[in-house]
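Have a look below at one chain only, the form predicted alone, in structure tokens format.
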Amino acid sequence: MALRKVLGTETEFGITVLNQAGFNPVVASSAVVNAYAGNRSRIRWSFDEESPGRDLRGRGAVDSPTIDSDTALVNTVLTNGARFYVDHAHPEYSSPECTDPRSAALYDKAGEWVLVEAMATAQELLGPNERMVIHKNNTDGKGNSYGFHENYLIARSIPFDAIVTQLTAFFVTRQIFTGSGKVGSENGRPPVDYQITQRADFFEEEVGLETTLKRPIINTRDEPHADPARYRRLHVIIGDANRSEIQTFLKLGTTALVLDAIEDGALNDAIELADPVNDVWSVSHDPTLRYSMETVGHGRLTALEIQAEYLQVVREYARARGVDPIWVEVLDEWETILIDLERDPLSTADRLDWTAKLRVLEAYRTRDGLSWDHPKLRLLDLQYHDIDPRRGLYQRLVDRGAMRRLFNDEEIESAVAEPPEDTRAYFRGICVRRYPDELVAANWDSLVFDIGEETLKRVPMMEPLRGTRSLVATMLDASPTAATMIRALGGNDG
């Protein structure tokens, strides 16, 4: 039986300061994180248990990237259980652990609200003609790509070869409903007017450990942030950052269901691609969705046809297994989006970023007689991702009712402050709120407290589905200080 999925997202936001001589993205990112005045605790992030150089293929650890001691200190843990920090030259929001795609999409959207508030405060520190701009996108248009990553808890017992064989074609083709759209191409790929995704041009390997160079379709980082004997964390780097709430829900939900099917042995006859790396950017470069790719033993198939095969197998699997209503909603939305994309891609412009943006750009092209290489189109492309609700094109579409929403403002506002209740994020978030002065360090699987004793007290959290409200709320309510909480837990320092 497949593990109950625990999932979350990591978003690196693009940042610039207009009219600022000598703009430094690290300084600007630090200003944003430090400026956030929301419910948070600024603490040291503990890298003791982190191992980004460990490989899922069992090849042992390779040299890990050097941690920048300056930016590592610019770190906050929020009361919703998320982490908000500087990752090299970007402000990054890592969402708390969630157990279903709706909750995960909600906390991903909450990250945008955190950035909007932090940006507004940081703006007050700038000169009179300077303006900070933050984008939820994946490329600066100058050859640099920054990531949006997904994380899924899976069983350690799944053979890694099964993950590669059964998941690669899904990742290559799901971009038809996960892309955020882009004018032009980069990274030496063939010229194109408009493509489906922002990340596709930057993928160069089928399998690998890297995340910033020679990016692979299947990332092999083996850093579970949980009991390593039981769990793996599948670190997914092939996917765009989306503004559309429906799109994020679909991206996370379909992937989690496919992983469940793999875990339960229901995808043993998955389609294999003859040249998946070439197909990644080739699919993206064809907004008509007619490009077909060579498969192993199944002839040539389009992305729509391959996704339809995955949908059929996963729906049959879900029907036989029995799933909660939220997963039935994922399946229905998946089927509807494939039908609409086949009928007319622009019919999905109320749900998908890439088609919504394409419709806007085509309207400008028609009105002003613009060619695809006109600079105005690239500016509009970028403006779609501006998180400032006064300037972003996505928000204008939402305000006009042209983009469907999954959440109302009250839900998002609550998610900014409150943690999910059914994972260890609840314990983390409540501790940040109640014991900010005693909490001195954290990472995903532990918290460290200074309760005035000779040694610091570490509270391990190796099981993502423990530390939930049902398990710890009563104990936390009865613990006015971290010291009383530690005693209630048994006084162990981990």
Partner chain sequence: MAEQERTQRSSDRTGAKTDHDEIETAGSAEEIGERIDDLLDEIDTVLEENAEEFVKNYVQKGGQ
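Numbering follows the first chain given and starts at 1. Because the structure is a prediction, the values reported are computed rather than measured.
FYI, the form predicted in complex with the partner chain isn't displayed, but the following is about it.
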Report task. Answer for Pro375 alone: is it within 4.5 Å of the partner chain in the predicted bound form, judged on heavy atom distances? Result -> yes
Report task. Please run the contact check for Gly401 against the partner chain in the predicted bound form: heavy atoms, 4.5 angstroms, yes or no? Result -> yes
Query raised in the report: Heavy atom to heavy atom, is Glu413 within 4.5 Å of the partner chain in the predicted bound form?
Result: no
Query raised in the report: Might Ile486 be said to contact the partner chain in the predicted bound form, defining contact as any heavy atom within 4.5 Å?
Result: no
Query - Leu379, Leu382 and Arg405 all contacting the partner chain in the predicted bound form, non-hydrogen atom within 4.5 Å - result: yes
Report summary line: in the predicted bound form, the residue from Arg83, His90, Arg233, Lys109 with a non-hydrogen atom within 4.5 Å of the partner chain is His90
Query - the partner chain: the contacting residue among Gln312, Ser157, Asn144, Asn278 in the predicted bound form [heavy atom, 4.5 Å] - result: Asn144
Query raised in the report: Out of the stretches listed (146-154, 286-294, 252-260, 118-126), which one is close to the partner chain in the predicted bound form, meaning heavy atoms within 4.5 Å?
Result: 146-154
Query - Residues of 355-376 having any heavy atom within 4.5 Å of the partner chain in the predicted bound form, listed in sequence order - result: Arg359, Val360, Ala363, Tyr364, Arg367, Pro375, Lys376
